[in-house]
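Only one chain is included here, represented as structure tokens and corresponding to the form predicted alone.
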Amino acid sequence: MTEILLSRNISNMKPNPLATQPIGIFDSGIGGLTVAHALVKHLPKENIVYFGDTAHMPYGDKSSAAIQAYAVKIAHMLLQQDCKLILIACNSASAAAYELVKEYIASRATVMNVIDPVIRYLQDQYTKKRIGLIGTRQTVNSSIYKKKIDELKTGITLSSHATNLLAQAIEEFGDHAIIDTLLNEYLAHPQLKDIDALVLACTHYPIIKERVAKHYKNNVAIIDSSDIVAQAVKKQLENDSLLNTNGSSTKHFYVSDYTESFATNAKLFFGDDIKLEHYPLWD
């Protein structure tokens, strides 16, 4: 009898009507597309609204105050799109603006960043290991990864190095051999010697993940945050009963300044089945 009653209760449960609302994602440019692509892979039924702030790309050389101003305005726009969850798909913005955006959004949507899921992954997989990290100057100078790792007291040693020109080069050239020149210069830094793993602490960097691995002759584990973050988003939606299990994914992309590189990369990641719209948020 108990089993029959349980079966009836489950069959009568109605899906959360908010579950079909989209996930909002924003970044300064194409970097967040790596996260959006991973989200579509792990959450194929979720609707996606992406905002690339190409007018202010890259965020890595901007002040914290400037990034916070951009982030809050973009978050407001994503709220207007009825996003149920807003993901800051940029390490620089996650470091500088996550707490402010979370406070601004309040209970109107869930806010996530791309840093905390990676910290939890390192805690689970790399206790007492030596970890290298590359990211923008904004991310590295914030020391946010080191602070969070040190608080865990897991014996992880983190050595970070700012690779500020990489994001701009990837925006310009994509996964091109010219990137190897920058990598050879940056990754030769003493901070990145004798490491067990390297964190790609910029969402642009997974685009050149294979080149980074080749530099280390595949002897260093390369930690790409895209899948880690996507899995964390899925878990959050499950916990909040907001997972979309109906229909097929729609993908709408907005940019604050139309660029050929963004349009090309968006189609590279998602094919022609996308809507790309110029949304001049600062006009």
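Model, not experiment: these values are computed from the prediction. Note that residue numbering follows the sequence shown and begins at 1.
Not pictured, yet referred to below: the form predicted together with a small molecule.
Colleague: Within 4.5 Å, heavy atoms only: does L39 come near the small molecule in the predicted bound form?
Modeller: Because no heavy atom of L39 falls inside 4.5 Å of the small molecule in the predicted bound form, the answer is no.
Colleague: Should M57 be classed as touching the small molecule in the predicted bound form when contacts are defined as heavy atoms within 4.5 Å?
Modeller: Although the small molecule is absent here, M57 would touch it in the predicted bound form, with heavy atoms inside 4.5 Å.
Colleague: Could you tell me if A96 has a non-hydrogen atom within 4.5 Å of the small molecule in the predicted bound form?
Modeller: Although the small molecule is absent here, A96 would stay clear of it in the predicted bound form, with no heavy atoms inside 4.5 Å.
Colleague: Indicate whether A167 is a 4.5 Å heavy atom neighbour of the small molecule in the predicted bound form.
Modeller: Yes, A167 sits close enough to the small molecule in the predicted bound form that at least one of its heavy atoms falls within 4.5 Å.
Colleague: Where does the small molecule sit in the predicted bound form: which of 178-186, 99-107, 198-206, 124-132, heavy atoms within 4.5 Å?
Modeller: After filtering at 4.5 Å, what remains is 198-206.
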